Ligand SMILES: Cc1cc2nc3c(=O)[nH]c(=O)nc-3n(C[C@H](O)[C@H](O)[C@H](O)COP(=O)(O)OP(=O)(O)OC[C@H]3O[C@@H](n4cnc5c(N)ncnc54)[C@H](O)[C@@H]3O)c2cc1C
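We begin with a single chain expressed as structure tokens, specifically the form predicted on its own.
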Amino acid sequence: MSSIIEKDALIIGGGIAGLWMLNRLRAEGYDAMLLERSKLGAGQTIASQGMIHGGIKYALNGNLNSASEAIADMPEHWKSCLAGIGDVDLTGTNLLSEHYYMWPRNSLRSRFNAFLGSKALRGKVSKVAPKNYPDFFKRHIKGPLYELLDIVLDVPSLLASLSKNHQSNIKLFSQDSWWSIEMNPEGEFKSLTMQQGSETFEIKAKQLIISSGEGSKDLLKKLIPDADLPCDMQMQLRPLHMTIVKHEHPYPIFVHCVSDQLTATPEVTITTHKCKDGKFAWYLGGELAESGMHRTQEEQIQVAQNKIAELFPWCDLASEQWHSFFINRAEALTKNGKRPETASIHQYGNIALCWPSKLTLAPNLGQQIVNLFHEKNIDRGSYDNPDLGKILFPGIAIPPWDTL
């Protein structure tokens, strides 16, 4: 016999999107529950660089689009949450850097790209005086160097902040356990039944929210016949080849290195993270990660080493620990295959497929899901549910630089 659990909302996927929506819905008085198949943040979220940016990387060609406009106010929104006065309480989250920098190096083309970006986002980019350069750059570059309003967060502590007040409603949906999904005669979600140990739990919900990234595809197959699956509920994958170098260099670096090409993507995007062994890791993204999908790991490391040596000749990291790995960024399908510009929710009956598009836009997605519940007039239920203590809390994923 199953123990029946009733909820207003059942969220599947414990990355930044699912956790942010859980916080927003519960703050609105809805009884929401989240299921995660692995660890919170496993996959796309934990592999992010933790940047909360205001759109400069989408304005390097001088054009403001819906992506840069939607994202422009996100750093201030996140800062309010970090201070405990925003729509989600993020107090306790570790701030890795209060500033992010944009460096156009010395070529005229890269300086022109940076100039276009700074003009497109006037008021959100400022030129740094040489005396105020970060220690890493002092006495090594002639400039210019730009300071952005962007910040960088420690993702594991962000996941901890988002889950700390809701652990009784965040549960491990073990992939190894038996489970099934039932739809009602109208083709809407009715319940998810899963076995945990010797017990069986049937979870009923008024609204099913899927925010499981790449795992959404298999789940949707169980819910919606292929013939009925709307195009806007399909996904595309953007493969990235991320690079990590672990070292003991004393100065952290948080910078977009602007390309010599007229492009909206920085040549290399670098963040610095402290490892559990006391070393530091530079985490390399940007165009290096996007173009690296066609390279082997050995080739990617060699390209990354050459690029770092070219950019920072005063910093010899050739003998340090270099690693690389592939990760897919799952996104909503677009007609032209380009990255989606905004967070989005796609509906099929009482099933909502949610895509934040990027870490920065999680608050935007959270607001959209709250608006959806209001528009659909979903009642706030009062349920007498059984004790869920036997279903485990998933725990938090380990960042890639601590798994190597």
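Please read these numbers as outputs of a predicted model, since none were measured by experiment. Sequential numbering from 1, following the sequence displayed.
Quick note: we don't show the form predicted together with the named molecule, though the next part is all about it.
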Fill in the blank from the handout: Interface check vs the named molecule in the model of the complex: of Phe137, Phe280, Tyr146, Tyr283, the one with a heavy atom inside 4.5 Å is Tyr283
Fill in the blank from the handout: Only one of 368-376, 339-347, 37-45, 24-32 sits within 4.5 Å of the named molecule in the model of the complex by heavy atom distance, namely 37-45
Problem - Heavy atom of Ala17 within 4.5 Å of the named molecule in the model of the complex - result: yes
Handout entry: the named molecule contact at Arg329 in the model of the complex, heavy atom, 4.5 Å
Key = yes
Handout entry: the named molecule contact in the model of the complex: Ser324, any heavy atom under 4.5 Å
Key = no
Handout entry: 4.5 Å heavy atom contact, Ile351 and the named molecule in the model of the complex
Key = no
Exercise for the section: Scan 360-375 and note down the residues that get a heavy atom within 4.5 Å of the named molecule in the model of the complex; none is a fine answer too. Expected result: Thr360
